[in-house]
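The chain below stands alone, shown as structure tokens; this is the form predicted alone.
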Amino acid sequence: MTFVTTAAAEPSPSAPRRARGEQTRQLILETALRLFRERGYAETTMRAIAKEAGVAVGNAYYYFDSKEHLIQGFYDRNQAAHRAAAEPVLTGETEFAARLRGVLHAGVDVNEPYHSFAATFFKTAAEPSSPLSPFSRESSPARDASIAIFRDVVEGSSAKLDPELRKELPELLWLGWMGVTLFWVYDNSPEQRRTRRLIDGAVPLIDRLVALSRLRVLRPALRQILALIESVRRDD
């Protein structure tokens, strides 16, 4: 005779608590982003965020140690949103240029609500020692998630690539995306149309360069470029 226990089917008492905790965390993050847009990053304090969110200051610090940690939370959520926005083109296109163009435009779409305070915030993130820098150790989860999107651009495309370039191209595309983001930060054209034109003009050039990289005559130059990238990457 087999006895069936129902203990495993019972919900964990901690599950509702975790759900409430995640709701509170998201409330604090949403409130912070709204205040950053309304007041600016530098002028917004953790105390003001807690007050607007209707939580105790200590509770705000429980979920986020500082404003910098709030921004890291924003980075993580932003990358998830970028992935979701890019999914239709990544699943529906195989041409490299179309995939890259779609992913770049999706990134601009996701960032658009935060353009009003982006320049003020960038002044902090641009400091080499700032944990908010996209190149910092603290930003590595969001950076890796972003590079992974560009890796999918490359791996899911029909482009024929030199094997060494295929390995390095996702990070190179991410660096290009950082350049586009910087341009977008200071783009005051309506709906940041100049950034859109930059993307539409740059993608065919990148596509052409990627195609040319397969030519045997260019392989020595490609190897030199990749070796230079590797030497710059090293700490020694």
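Note that the structure is a prediction, hence the values are computed from the model and not measured. Numbers for residues come from their place in the sequence shown, where the first is 1.
Absent from the display: the form predicted together with the DNA. The rest refers to it.
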Contact label in the predicted complex: Arg193 to the DNA, heavy atom within 4.5 Å: no
Does any part of Pro220 reach within 4.5 Å of the DNA in the predicted complex? Heavy atoms only, please. no
Answer for Gly179 alone: is it within 4.5 Å of the DNA in the predicted complex, judged on heavy atom distances? no
Contact of Ala56 with the DNA in the predicted complex (heavy atom, 4.5 Å): yes
Partner-free chain; cross-checking the DNA in the predicted complex, the single residue of Leu175, Met46, Ile206, Leu198 with a heavy atom within 4.5 Å is Met46
Okay, which stretch from 58-66, 179-187, 163-171, 206-214 lines the DNA in the predicted complex, with non-hydrogen atoms inside 4.5 Å? 58-66
